[in-house]
Structures are given as structure tokens and as C-alpha cells.
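Just the one chain here, the form predicted alone, laid out as C-alpha cells.
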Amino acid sequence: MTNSADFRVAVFAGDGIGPEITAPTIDLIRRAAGRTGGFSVTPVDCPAGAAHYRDQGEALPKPSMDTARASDAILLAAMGLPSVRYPDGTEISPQLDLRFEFGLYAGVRPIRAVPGVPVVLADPRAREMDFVILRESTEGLFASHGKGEVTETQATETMVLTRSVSERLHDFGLRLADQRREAGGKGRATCVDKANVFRAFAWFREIFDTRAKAFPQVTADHMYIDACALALVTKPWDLDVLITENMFGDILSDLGAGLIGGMGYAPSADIGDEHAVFQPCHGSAPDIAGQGLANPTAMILSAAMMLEWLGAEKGVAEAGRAGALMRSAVDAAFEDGGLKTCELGGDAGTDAVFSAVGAALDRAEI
């Protein structure tokens, strides 16, 4: 099939290891598109990040923001450098600016055990881990970003939850649980909160219960954040879709990543009603930048999520198949246990992972 759709993707390579995992990922996207046909991807480079702020005086230039706004999707590698900060002491984080600017309320954090990659838990059921943390990404405690008040005697940050965003978040999570049910999954959506202490979370839970009535085929339940943290390390194979506030989701996401081998295996997306950003959960890792050690798996899986989202959002089935093809290629590359990245004590660097995934992609059956 000849190309019938061309997706314009804004690419933020960013800082640290970002540039070295970006270009090969774009190559894999093109190779996957070549296997399925039906679409192509045109990447557009968008300068931004801590190094750009250090050198040019701005973290997210207007032309880059304009490109992102006009694009079909946004692919972001990593941004931020610990040594480069704003005058108030906070780190440079244009990825947060993108979330707020485009209203990317649905932070999708899949936690899935990759075949052949060691998991932390000894229970054999841990190999069955496949759940999603749905982190609200524009409000909660993060709504106070840059607005906190500090005096000699007191520091104050304010958590904000709104009905509009909470309703859309819960609907997103309930739809996701239903889609996973239709694909053979559990079909369970869990509201994760602290409703026994905070009125705001009791209200958040009430909204969840109300929206859940429209999804009778989904098992809708609740869990306190502390109990959820316990469940993640005692029975994560029972979990499906966890819906929670921004800060809680931020913490749980890292815990979840730790269960499946680390941040190098944890992809993510921040999705709104009109735009979406896809990025690995890890940071810029400046301590290993330029050494060829970075694990690009999370970046590859984030790109796969992007293609699947484009396929569903734009009605191009071939893009969805290409995303699934990339994910299956990751599984095939790691499944025999011979490919072991540095954070797990192995010697497989950036090039080795890309080479193995690319080879698996090329030989995969369509």
C-alpha cells in the first residue's frame, strides 16, 4: 500500500541522553511505517530544554511551541539538567509547560513486564504485570508549580482539583479499562486517593463514582494511596487501571517502573482533547550522556504508543499496527534474556538495543 497519510511530529530531543536516543527512534518509526504502509512520519526538530535556556536564555522558544501546536503529535526524549535552574531554584522543565499549555490532563503510564527483562518481585505472577497508572497531569499539587509561597517561617503549596478535568480524567480511565476488557483484560478501574483525610479527594472519588455509572461493564472500585503503594509491591498482577491525582501518580509511576526493570523500560504519554506528548518516564541522565550507555527502550515504547494513538485518533489503522509492531519487536529483542542493559548489570548499550529491536522489527510477520 502506498502512503496515504503523512503525520507531522514535533520532536523535542532535549538534554542529556535525549539526542542520542531520538534519531535512532525516528529511524525505527520509519522502518515500522515501511513494514505496514499506509502512512509516513515527518519529524520537525524543536529546540528546547535546560541547555537551550543556558545558552539562549529561554527554555521553550515560541517557534518550538508553535510547531508543537500545529503538529499531529509530539515526541519528547528528555529535558532538564540538575546544574541549570531558574532563579527561584527550580529545574528547567518545558515538558510541564507543554502539559499546561495544551491541557494534557491524562498522563498514561503503562507498567508492563517486558519478556526477558528481570523483574524485582520473585513471585512468578510478577511476569504477568500489565497495568496502567493514569496520572492527572495538569492539576493537583502540580497546579502550584512556580506559585508556592515561602516565608521565613512557612512554605505553602496549594493542590487544585477541578470538576471539568476530573470528569474527563475519570472518563478516560473508565474507557481505557473498558478497552482493555474488550482486549481480554480485567476491565477494572480503581480510583486512587486519600478520601479518608482530604475533602478534595472525597470529592474526586464522588466524581469517579458518578462517571462510572456510564460504564456498567467496568469493575469500578477505590483504593487509598498508601494501600495502593502496598499493592504495587505485593500483588501488582491484580491491578488494571489506576486513576489518581498528579503528585500521587508521579510517585506511583516511578515505583511501577522499578518493578519492571527501571525507568529505562517505562514509556508514557500525556494526552489531552486535541494534543498529545509521548516521552519516556526517565530524565536526561547527564551522568551517562555521550557514553553510549543509555537504555532507549522506554523511548521506543513511547514512540509505539504515539503511533497507536495516531492510528486511533486519525483513523489510520496502519499506524496502529506499526505501533504494535514496534512493541512486539521490543519483546522479541529481549525475550531470550541475552540482551541486558547497563542498569541491570549488563553490557548492552544504546546501539545494541536499537540494533536488536531493529532486527526483530525487520523479521516480524505482518
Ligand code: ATP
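Just so you know, these numbers come straight off a predicted model, no measurement behind them. Residue positions are given as counts along the sequence shown, with the first one as 1.
As for the form predicted together with the ligand, it is not shown, yet the points below apply to it.
Among heavy atoms of A195, none comes within 4.5 Å of the ligand in the model of the complex. Although the partner is absent here, E182 is not a contact residue: none of its heavy atoms lies within 4.5 angstroms of the ligand in the model of the complex. Taking the partner from the other structure, the ligand in the model of the complex has no heavy atom within 4.5 Å of any heavy atom of G272.
Contact between G283 and the ligand in the model of the complex is found at the 4.5 Å heavy atom cutoff. Looking at 217-225, 122-130, 283-291, 202-210, the stretch with residues near the ligand in the model of the complex, meaning non-hydrogen atoms within 4.5 angstroms, turns out to be 283-291. Proximity to the ligand in the model of the complex, taken as a non-hydrogen atom within 4.5 angstroms, holds for one residue of G249, G264, G256, G140, which is G264.
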